[in-house]
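The chain below stands alone and is given in structure tokens; this is the form predicted on its own.
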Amino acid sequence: MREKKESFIINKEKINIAQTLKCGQIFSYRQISFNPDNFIIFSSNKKAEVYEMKEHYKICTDNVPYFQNFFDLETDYEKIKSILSKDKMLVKPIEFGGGIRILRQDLLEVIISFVFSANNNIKRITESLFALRQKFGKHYGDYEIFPSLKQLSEITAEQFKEIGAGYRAEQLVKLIEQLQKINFDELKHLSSDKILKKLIDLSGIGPKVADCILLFGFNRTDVFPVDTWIEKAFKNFYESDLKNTNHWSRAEIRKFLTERYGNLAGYAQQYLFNYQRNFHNRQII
């Protein structure tokens, strides 16, 4: 029997939900058509409706504790932004996207989502993930939940192709076989570097996807995923302080930025990614 739907409030000073949802860390949400600032968010087997009010957001859900944790409301983002803003390279990105929070998402859903994301665009990723829910997830009231690992193991490569996985279909089938042999409780206690090495050994997971899984699935903020947008941001932001940034590899960029921002690297990445993605045709600094 489903729980009775309840609600809680988040002050707008704590988060900008539109910025948070649209910064590339989550794909399973929809805007409510009659108001572009209202959303329905799907996470694992749970759902929340977000309604923007004048000074706060009203979150309606049948699992309040899950979504209070999901929005990471206990983390002091003002302190994080204050520290990162001491770096001149991050002042404008933080001013622009200061309402972003890193969501605490379901690990399995993050892994599968970011394998779908490789060399893909957000529209196709979103469509594929909703199709995955609708075709293979259990129907739960008025929505479908994300498939369990067992349910995922029953999906064939051809079925993955039918929902838009493309060349990733075979990788996903193999990955799901590998995931069934992993003890994630043990994995969570390892260092980020050790988890990274184990993730890269899995089918369909390269360095960038592994970093995204660490940041958005394991909540490890000492990593810095590097993609095309971050490469552009690196050249735009850091060229004045460094030489020959055009020739830096992604691995070199990742190492430099991870060392520069330490345990706050993941937060810095989100601000930079969001800013560059929205202003990629402008001279930033």
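Just count from 1 along the sequence shown to find any residue number. Think of the rigid core as the biggest set of C-alphas that the two forms share within 1.5 Å after superposition. If you're wondering where the values come from, they're calculated on a predicted model, not measured in any experiment.
This protein has a second form, the form predicted together with the DNA, left out of what is shown; the following refers to that one.
Only one of 148, 171, 75, 85 has a non-hydrogen atom within 4.5 angstroms of the DNA in the model of the complex; which is it? Only one option qualifies, and that one is 171.
With the DNA left out of view, which of 232, 46, 255, 56 would have a heavy atom within 4.5 Å of it in the model of the complex? Result of the distance check: 232.
Flag this candidate site as yes only if 25, 228 and 277 all have a heavy atom within 4.5 Å of the DNA in the model of the complex; otherwise mark no. The answer is yes; 25, 228 and 277 each reach the DNA.
Okay, which stretch from 195-203, 137-145, 96-104, 182-190 lines the DNA in the model of the complex, with non-hydrogen atoms inside 4.5 Å? Result for this chain: 195-203.
4.5 angstroms heavy atom contact with the DNA in the model of the complex for residue 157: It does not: once the DNA is placed as it appears in the model of the complex, residue 157 has no heavy atom within 4.5 Å of it.
Would you please decide whether residue 216 lies within 4.5 angstroms of the DNA in the model of the complex, comparing each non-hydrogen atom pair? The answer is yes: residue 216 has a heavy atom within 4.5 Å of the DNA.
Test of understanding: in the model of the complex, would residue 81 fall inside 4.5 Å of the DNA by heavy atoms? No, residue 81 stays farther than 4.5 Å from the DNA in the model of the complex.
With the partner left out of view, is residue 153 within 4.5 angstroms of the DNA in the model of the complex by any non-hydrogen atom? Residue 153: no contact with the DNA in the model of the complex.
Which residues, if any, of 254-276 lie within 4.5 Å of the DNA in the model of the complex when only heavy atoms count? Residues within 4.5 Å: 269, 270, 273.
After fitting the rigid core, is the C-alpha of residue 69 off by 2 Å or more between this form and the one not shown? Where the cores coincide, residue 69 shows only a C-alpha shift between this form and the one not shown that is less than 2 Å.
I want to check residue 249: does it shift between this form and the one not shown by 2 Å or more at the Cα, with the core superposed? False for residue 249: its C-alpha shift is below 2 Å.
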